[in-house]
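One chain is shown next in structure tokens, namely the form predicted on its own.
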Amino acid sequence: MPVSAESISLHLARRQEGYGRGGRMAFEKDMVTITSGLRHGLTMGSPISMSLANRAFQKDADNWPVVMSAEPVDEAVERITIPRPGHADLIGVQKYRFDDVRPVIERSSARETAMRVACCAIARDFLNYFGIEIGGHVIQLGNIGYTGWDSIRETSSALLEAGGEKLFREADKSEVRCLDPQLTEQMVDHIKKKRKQGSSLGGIYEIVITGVPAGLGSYVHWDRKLDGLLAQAILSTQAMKGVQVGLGFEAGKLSGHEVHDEISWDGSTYRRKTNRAGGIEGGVSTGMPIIIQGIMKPIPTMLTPIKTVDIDTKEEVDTRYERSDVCALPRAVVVAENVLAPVIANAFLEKYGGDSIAEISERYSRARS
């Protein structure tokens, strides 16, 4: 399969864009280097390995080799003993019996999503080869957003006819990755207000996967249900607190006639007249676009402190502040797009199989004929 650093870099760059970014984005410039697994731009069956430099701490170049040294150091290293509420800080200290929050900060950091985006972009290229595209957009930021399912569909449906890539490229034109210009303006103002208050914001984004054939996933095996696997991918990402498929929580407020998608036959295949199920029924793709929404909480690092406890003294103190975003929701959209790619790719390979692009293409073509 063709793989290039250029396509990976596209999504790494997108991950760094969006209004509400913090100071570290000014000196993080992610460029991936592919070190093995390719020959003349093509995969050859061996693991693909990549390296991604972390330039975020260049300004700490004199201190950082000591603070994070792999070897024992003679000099005293200042410990961080003040955990942030809403972060992994305290629970990491409790779980591993650290006397310093720093190891938890480094390992639980959303910085690791940079490499996840890079790795998953390869699975995304694989899907694109078969006409499966992924796009995402912000549907709510704080208390600003669309009024419901129907209003989102009115804005996004026309774009989806052109595929998921068209959707994400249109969303990328907005500072907050929202397709509605008026909502974009309101969301930017909302972020400005929270920045002045020293607080942070979360929200909800929607990921749409187009071109997915019917039959991916399983209604037989609980651990192969496609919606369950997609939900796990979303919730495995930092700061995510919920997932909705299709109508999601709205479905619990409505009657069956308002929720279920009527089925029709167009002479060659089955169709759904609507897509409230979000492209998945019984844990299996229906052939309609897969629509999944993720809920992100506000980032726990805030300029205006809240109360916590020093793990050394056990005294109540104010939280500390590190470089952070006011709102990372627009960037989370890109992460979510990419972490869903290997889930769909694995389900696709499970159904169609094959050891090369040519063989998989032959099997896929036969299955669709």
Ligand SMILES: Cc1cc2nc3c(=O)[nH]c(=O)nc-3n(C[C@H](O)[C@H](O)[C@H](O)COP(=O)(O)O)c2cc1C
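In this text the structure is predicted, and so the values were computed from the model without any measurement. Throughout, we count residues from 1 along the sequence that is shown.
Unshown form predicted in complex with the named molecule; subsequent notes refer to it.
Chemist: Using a 4.5 angstroms cut-off on non-hydrogen atoms, would I209 count as touching the named molecule in the predicted complex?
Modeler: Because no heavy atom of I209 falls inside 4.5 Å of the named molecule in the predicted complex, the answer is no.
Chemist: Taking the named molecule as it sits in the predicted complex, is I204 in contact with it (heavy atom to heavy atom, 4.5 Å or less)?
Modeler: No - in the predicted complex, heavy atoms of I204 and the named molecule never come within 4.5 Å of each other.
Chemist: Any chance D325 has a heavy atom within 4.5 Å of the named molecule in the predicted complex?
Modeler: Yes, contact at 4.5 Å.
Chemist: Answer for K241 alone: is it within 4.5 Å of the named molecule in the predicted complex, judged on heavy atom distances?
Modeler: Looking in the predicted complex, residue contacts with the named molecule include K241, since a heavy atom lies within 4.5 Å.
Chemist: Would you confirm whether the three residues H87, A110 and R331 all fall within 4.5 Å of the named molecule in the predicted complex, going by non-hydrogen atoms?
Modeler: Yes, the whole trio is in contact, each within 4.5 Å by some heavy atom.
Chemist: Under a 4.5 angstroms heavy atom criterion, identify the one residue in L167, L216, V138, M296 near the named molecule in the predicted complex.
Modeler: For this set of options, the contacting one is M296.
Chemist: Which one, T155, N128, T237, Q186, lies within 4.5 Å of the named molecule in the predicted complex by heavy atoms?
Modeler: The residue in contact is T237.
Chemist: Tell me which stretch of 170-178, 110-118, 216-224, 247-255 has a heavy atom within 4.5 angstroms of the named molecule in the predicted complex.
Modeler: Flagged stretch: 110-118.
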